[in-house]
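Encoded as structure tokens, the following chain is the form predicted alone, with no partner shown.
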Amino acid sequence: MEFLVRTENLLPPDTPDDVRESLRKGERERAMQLREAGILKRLWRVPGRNATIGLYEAADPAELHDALASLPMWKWMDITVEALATHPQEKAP
């Protein structure tokens, strides 16, 4: 299954710089692991916001949930997930 995942980072502004940098580093490392596992397919940032839009592929919603919950910033994220289905125009004849 493919999922469009929108995330907004809500890390408190008073988070110490060293903690913020450690979380960012961990986030990048985990994103690369998810890419290597074939779960994270594409990732875009949203200009002007601390937000991303990602295309994920997982066997089911539970597997996607586990992948998202494994992100270091998980507890500070506002996440919206949309399951995607192939449009009939995209299907091979």
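One-based numbering along the sequence shown. The structure presented is a predicted model; accordingly, all values stated were derived computationally and were not measured.
Unshown form predicted in complex with another copy of the chain; subsequent notes refer to it.
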* Asked: Can any non-hydrogen atom of Ser22 be found within 4.5 angstroms of another copy of the chain in the predicted bound form?
  -> no
* To do: Using the partner position in the predicted bound form, report whether Glu36 sits within 4.5 Å of another copy of the chain, counting heavy atoms only.
  => no
* With a 4.5 Å heavy atom cut-off, would you call Ser70 a contact of another copy of the chain in the predicted bound form? -> no
* To do: Quick one: name the residues from 34-57 with any non-hydrogen atom within 4.5 angstroms of another copy of the chain in the predicted bound form.
  => Arg35, Leu40, Lys41, Arg42, Leu43, Trp44, Arg45, Val46, Pro47, Gly48, Arg49, Asn50, Thr52, Ile53, Leu55
